[in-house]
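There is one chain below, alone, in structure tokens, taken in the form predicted alone.
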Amino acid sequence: MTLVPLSPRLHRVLGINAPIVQSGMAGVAVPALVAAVSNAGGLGVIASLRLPPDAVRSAIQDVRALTSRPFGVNIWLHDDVRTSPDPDAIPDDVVRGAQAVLNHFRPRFDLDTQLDRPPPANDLVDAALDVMVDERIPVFSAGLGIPEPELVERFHRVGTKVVCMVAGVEDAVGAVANGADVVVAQGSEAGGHRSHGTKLERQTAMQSSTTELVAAVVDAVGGEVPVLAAGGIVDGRGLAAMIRLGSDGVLLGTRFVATKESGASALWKKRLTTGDRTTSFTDGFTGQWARVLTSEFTDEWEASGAEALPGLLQAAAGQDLFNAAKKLGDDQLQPLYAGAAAGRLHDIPSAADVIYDIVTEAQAALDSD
């Protein structure tokens, strides 16, 4: 299957024919999915957050064994993730409040109630970045934070292109000033985590719809670098709409979760393609704001008024509960990340079919303009 590039500029910068980048989603972006996306003409992206250096290197080598096409590796550069906060510095009432919500659900799996702080997190980001530079990956994808000029230069020296996801115009301008080759404008409809480099208040973090943000980012930096759109895009009509706004392509997350090659559980894929797919914006699962399928947990967390533990310590505090829910297939007590357009998904195709169908539908829509 050969696709004529819809975005010659994106083709020049990233070497891809289909203007589609797959989001680097933990637990989803396994080597099989990454390679399938790249082999189909898009850009597959490995998720490396919280992986030790050897695991990052292994994932890169596994993808290289499956494709000769360009691919990327993603990691967060969030202030409280790159250097994890000290658990002992968290106020007692914050710990008690978060644990109270988690304890409400622990009896469902015969888990002991917890009152203690979680253990400190391992600082793995810089070690993962070292591996990426050493492996001379084709593309580095930065999420939840802007790469500093020195980091961008390290990647450029080994021939790596830098893609930076942002959720605001100021960050887009900053990313380009620091040398980023491509900017992804992530609107509030996006599933998963909002790409801010620091923890913001809920209402601030939720601002800027995809169409609003893409148009503003294109105006601000589109003359300098390609701009991709992310958030609420699941088909060719969405890609065509974003190209009409001036973007060079799209980054897709939710659509690729529900594919054959995805590492997501069968339960997650089913929930994305059938039944009620209402979403909620919560920090109760990880400590960072994310859009997930609404559940008993999101409702209870919201009603409690509890404050999430900083960094990813919230995820560490609830690890026993969330892991038990995954193991036993309880869809109410685990994070099932989903964008606002999940209700338009009804099948679980191959990644190649997703890319082909989206590009051909977008091309037909643009040709009819």
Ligand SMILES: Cc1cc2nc3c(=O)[nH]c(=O)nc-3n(C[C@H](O)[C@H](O)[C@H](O)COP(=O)(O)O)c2cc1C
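A residue's number is simply how far along the shown sequence it sits, counting from 1. Keep in mind it's a predicted model, so treat the numbers as computed, not measured.
Another form, the form predicted together with this ligand, is not on view; read the next lines as being about it.
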### Query
Quick one: of 242, 227, 252, 167, which gets a non-hydrogen atom within 4.5 angstroms of this ligand in the model of the complex?
252
## Note on the structure
Within 4.5 Å of this ligand in the model of the complex, heavy atom basis, the matching stretch of 147-155, 231-239, 275-283, 126-134 is 231-239
### Query
Does residue 186 reach this ligand in the model of the complex if we count a contact as any heavy atom within 4.5 Å?
yes
### Query
Can residue 182 be called a contact residue for this ligand in the model of the complex at 4.5 Å between heavy atoms?
no
### Message
So in the model of the complex, is this ligand close enough to residue 72 to count as touching (4.5 Å, heavy atoms)?
### Response
no
### Message
Considering non-hydrogen atoms and a 4.5 Å limit, does this ligand approach residue 19 in the model of the complex?
### Response
no
## Note on the structure
Applying a 4.5 angstroms cut-off on non-hydrogen atoms, the residues of 39-72 near this ligand in the model of the complex are 47
